[in-house]
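Given as structure tokens, the chain that follows is alone and in the form predicted alone.
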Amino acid sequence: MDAKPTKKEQVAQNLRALYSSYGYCRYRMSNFEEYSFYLKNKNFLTSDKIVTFNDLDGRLMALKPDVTLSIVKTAKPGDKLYYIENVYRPMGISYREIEQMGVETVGKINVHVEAELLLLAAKSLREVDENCVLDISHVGLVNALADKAGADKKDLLALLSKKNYHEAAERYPENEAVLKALFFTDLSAAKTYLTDKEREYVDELLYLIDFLNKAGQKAEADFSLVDDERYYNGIIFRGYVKKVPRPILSGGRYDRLLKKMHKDFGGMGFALYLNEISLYDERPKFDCDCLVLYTETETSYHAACDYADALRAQGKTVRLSPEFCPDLRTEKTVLFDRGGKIC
């Protein structure tokens, strides 16, 4: 009898089918890249701390901390790719292996391409939990409002990412109305402070949220999503589900990254962090239904095997062992004596 798939395994299987149905092809990559590649693009990474080692030919290599960078390096216009890969990033005082599944599309990016990718992101969240939300922002819009707030922009964006309006208002009281539009994601008020070109960002955001809501997906605007504008432009987003206190999905448009790699087309993608889904897998009450113990005789061992096989044929999970397992949680324990009888 096959073991029941975990929540993570089921989600990954469903997402493979979902992405394939939209014409995305599976992308596979090596676990390693040359360290110099990441060094050149360290501003795109969440951390500059990378696991490195010397290859046999003397090159300094790195365990990949990111997938998008590797895809973009060889990307061609029109590529629509999905992947299941592990990346290695510092978490606290140690490195952590993070399993993620994601989607990337490169080429001509218009609002309809954005809408499809956001729809896939929203559907990905629903595969994890129906109780989910996709928060969406716009780098150009947020930066335009921050520029008009008469503040230290870096400091203001740091406060915005923490949703700390009270401190921002104390530090920069001269433009309270702009701060309120920014910190409380007031799209209508935001338009009054923007140029005609910048108002197009609001219209783009409104269109995408309306598109997703009409498709039955929960999406909201949230200006507190702040990312590195040296690479990201336009739409950025994060996804949340009920049981996980952190974003389980994140993504955005990264035309500037492609331009830095001397490519004259756009790109957009997202990653879903599969590790977080483990919170949905409740540990069973028992590790197995039955522990079957046997003594060091052939008679005892064969009798124990026959007994275990009979239980497995009934759909039970059985562990066979020559010694007692004190940490094993089992509903039933059976011991076969030297003569092959249950005692």
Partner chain sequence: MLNVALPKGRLADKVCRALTETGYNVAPVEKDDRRLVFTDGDNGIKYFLVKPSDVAVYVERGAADVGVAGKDILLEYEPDVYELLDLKIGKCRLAVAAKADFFDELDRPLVVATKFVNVTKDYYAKKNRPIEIVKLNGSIELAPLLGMSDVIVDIVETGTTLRENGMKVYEDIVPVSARLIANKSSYKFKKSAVDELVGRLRSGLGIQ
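What you see is a predicted model; the values in this text were computed from it and never measured. Positions refer to the first chain, counted from 1.
Missing here is the form predicted together with its partner chain; even so, the following discussion is about that form.
> Tell me which of 252-260, 162-170, 201-209, 112-120 has residues with heavy atoms within 4.5 angstroms of its partner chain in the model of the complex?
Replying inline: Result for this chain: 162-170.
>> What I'd like checked is whether Asn41, Arg59 and Met61 together line its partner chain in the model of the complex, meaning each has a non-hydrogen atom within 4.5 Å of it.
In response: No, because Asn41, Arg59 and Met61 lack any heavy atom that approaches its partner chain to within 4.5 Å in the model of the complex.
>> Whether Val133 contacts its partner chain in the model of the complex should be assessed with a 4.5 Å heavy atom distance threshold; does it?
In response: Yes, Val133 is a contact residue.
>> With the partner left out here, check for me: in the model of the complex, does some heavy atom of Pro245 sit within 4.5 Å of its partner chain?
In response: Answer yes; at least one heavy atom of Pro245 falls within 4.5 Å of its partner chain in the model of the complex.
>> I'd like to know if Tyr240 sits close to its partner chain in the model of the complex, meaning any non-hydrogen atom pair within 4.5 angstroms.
In response: Tyr240: contacts its partner chain in the model of the complex.
>> With a cut-off of 4.5 Å between heavy atoms, is Asp222 one of the residues that contacts its partner chain in the model of the complex?
In response: Flag for Asp222 set to yes.
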